[in-house]
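One chain follows as structure tokens, the form predicted on its own.
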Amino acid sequence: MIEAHALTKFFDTFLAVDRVTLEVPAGTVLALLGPNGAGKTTTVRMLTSILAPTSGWARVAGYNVVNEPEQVRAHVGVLTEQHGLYERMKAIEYLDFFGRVYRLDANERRRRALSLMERFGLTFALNKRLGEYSKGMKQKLALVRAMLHNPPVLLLDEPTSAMDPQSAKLVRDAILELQRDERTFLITTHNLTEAQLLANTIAIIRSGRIIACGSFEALSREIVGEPVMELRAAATLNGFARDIGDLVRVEAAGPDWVRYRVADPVTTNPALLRRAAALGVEVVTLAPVSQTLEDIYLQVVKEDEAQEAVNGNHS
């Protein structure tokens, strides 16, 4: 549903996006992560036909972003960092205006506007002027506008920024619900917990380049390594970390706990528990230590920075 190949953008001599290649199938949520200035917004602007790429190509909903910009915009809903709300208008007037832009008939644009405003808890503010809206309300209204024409692809820049926890959950639930209807999402966000919750695929961009891309599970194994397990015992573990050294790679240990990496938990953990029983160790818990997207993100960026420093020294 979103395809990009070697997508590149120069601003004069500044390389903002460097040969970005992405493939986002229908029904997928891709989270595009990276520090400020990494190229996220420029990439999204090219995918929405706002900016023309210097080289490379992209198709969104089957349409070429350079040759078919009108069709791209008709099939994409966009939430940008700057909402561009017309603050003197009432919400219902504003949505009616955009419904006309999307060529929806009067009944359809009113039905969709009311349905979406209800979904996001904004029905009470239909007749309020947008200048009276809070930041979170404006964010939700901008999302309503992006979804008004029922697009198959949504490109959302920080969709839950400025929202309270309840409103943010409403938006996340809506994204997951629309994903089940085969909608495709590209989301840029600094909220790594949210990205981990929503995304099927995670792409990390830095200095205009995609430096890692894959599912959370695949990236976790590739970047962070084998799963880490933690065993906690009812009493002090005298020498237990040493006693299991032939079975697993011990990472850390305390008076009554030990952490270890294991390539095949299904085979190794039962063997380790048998060893513990034979040594008289009473196991209280044995559970995986959760890896987070923050762990992966920080490690990927750190490694890329180090590689960049090495390349700079060699140039």
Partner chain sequence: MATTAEPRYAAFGASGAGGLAQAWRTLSNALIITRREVRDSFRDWRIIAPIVILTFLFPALAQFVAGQFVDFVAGYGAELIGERTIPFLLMIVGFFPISISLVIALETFVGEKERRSLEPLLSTPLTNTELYIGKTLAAMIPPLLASFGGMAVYLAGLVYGDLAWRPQPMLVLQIILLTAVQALVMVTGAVVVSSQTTSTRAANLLASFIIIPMTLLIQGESAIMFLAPDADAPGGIGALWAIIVGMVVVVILLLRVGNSIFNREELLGRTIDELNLRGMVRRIWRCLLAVDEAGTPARGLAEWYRRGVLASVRRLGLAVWITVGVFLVALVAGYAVGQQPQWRLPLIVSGSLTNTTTDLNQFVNISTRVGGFRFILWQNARVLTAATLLALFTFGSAALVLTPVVWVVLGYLFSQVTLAGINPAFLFVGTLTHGVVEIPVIILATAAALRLGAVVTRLPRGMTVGQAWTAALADTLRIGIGLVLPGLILAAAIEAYLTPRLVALTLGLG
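Positions refer to the first chain, counted from 1. Because the structure is a prediction, the values reported are computed rather than measured.
Keep in mind the form predicted together with the partner chain is missing from the figure; the text below concerns it.
- Although the partner is absent from this view, residue 40 stays clear of the partner chain in the predicted complex, with no non-hydrogen atom inside 4.5 angstroms.
- Taking non-hydrogen atoms only, residue 145 approaches the partner chain to within 4.5 angstroms in the predicted complex.
- Within 4.5 Å of some heavy atom of the partner chain in the predicted complex lies at least one heavy atom of residue 59.
- In the predicted complex, at least one heavy atom of residue 78 sits within 4.5 Å of the partner chain.
- In the predicted complex, every residue of the candidate spot (5, 50 and 71) has a heavy atom lying within 4.5 Å of the partner chain.
- Comparing 100-108, 176-184, 226-234, 118-126 against the partner chain in the predicted complex, the single stretch with non-hydrogen atoms within 4.5 angstroms of it is 100-108.
- The listed set 131, 239, 84, 165 contains one residue whose heavy atoms approach the partner chain in the predicted complex to within 4.5 Å, identified as 84.
- Contact with the partner chain in the predicted complex, defined as a heavy atom within 4.5 Å, holds for exactly one of 23, 295, 18, 303, namely 23.
- Along 7-32, a non-hydrogen atom within 4.5 Å of the partner chain in the predicted complex is carried by 9, 11, 12, 13, 21, 22, 23, in order along the sequence.
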